[in-house]
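Next up: just one chain, as structure tokens, the form predicted alone.
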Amino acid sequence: MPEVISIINLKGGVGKTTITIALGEIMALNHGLKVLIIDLDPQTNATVALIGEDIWVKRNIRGQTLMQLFRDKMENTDIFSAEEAIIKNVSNIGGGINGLDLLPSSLDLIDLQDLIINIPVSRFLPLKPVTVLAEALVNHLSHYDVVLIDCPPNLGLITQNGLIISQHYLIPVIPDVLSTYGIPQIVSRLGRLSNSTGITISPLGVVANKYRKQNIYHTNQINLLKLREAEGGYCRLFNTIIPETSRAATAMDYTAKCMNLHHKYGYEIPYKAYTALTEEVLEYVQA
């Protein structure tokens, strides 16, 4: 079975999707791993960054996104097929990366997620709402070495579907007060989820992203995160600190066709940081 990692923060805008995609592309290209990215975020940023908006629209209409999976469970239909929904060899690098696959999200999940929350629990009992994704992928996960799950910035039922199949979770943060504020809530809530469901999911650690060296508050927050590793319950602050750079944002533009990783992420920044982070992640999950 693969190493399954959920990438999560309760605050948006911390670079969660960018880190997920960079990890997936580098694992596939530099390490020869077979990787599945699952986009659980209704914003669909990872999906559009890996296949483009035009392809996403067509697949969404055909029910080949995660929206259809959850809609099937609510409407007692059977349209979704994981085999048809998973897109092979995605990315804007070289026309697609061999071994990097995507299970796409949908903007329609925004409304559907609200409906799921409002439906009485008794309506869902026979459907096991937190295991919908696990049941859909039961025959597919074993095809991969690593699965990366881009989670929404909340701990609702759709997020829990990703967490329930994960052995690890990774918390990207901007090293400021606001984006690190939710770390204790994530650690505590996932601990309760683990206890209540019997799953084993442990923190890989916190990744400092969009770091500005000249910002004294960023430096102070990094020092605090390092000092609080043991008491904070998040295991560690990764040694790799990812600097703020416009290159990371522009790399997510699918229309910008790239020849290789260096063309996409530069020869220095943020390429070196992303490759170092990937090596750290693989070291910790394989330890």
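From 1 onward, residues are counted along the sequence shown. Predicted, not measured: the structure shown is a model, and the values here were computed from it.
Here the subject shifts to the form predicted in complex with a small molecule, a form of this protein not shown in this document.
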- Query: Counting only non-hydrogen atoms and a 4.5 angstroms cut-off, does residue 50 reach the small molecule in the predicted complex?
  - Reply: no
- Message: Is residue 219 part of the interface with the small molecule in the predicted complex - any heavy atom within 4.5 Å?
- Response: no
- Item | Contact of residue 233 with the small molecule in the predicted complex (heavy atom, 4.5 Å) | no
- Does any heavy atom of residue 16 come within 4.5 Å of a heavy atom of the small molecule in the predicted complex? yes
- For the small molecule in the predicted complex, the stretch among 189-197, 203-211, 102-110, 155-163 with residues bearing a heavy atom within 4.5 Å is 203-211
- Item | Sole residue of 242, 28, 69, 38 within 4.5 Å of the small molecule in the predicted complex, by heavy atom | 242
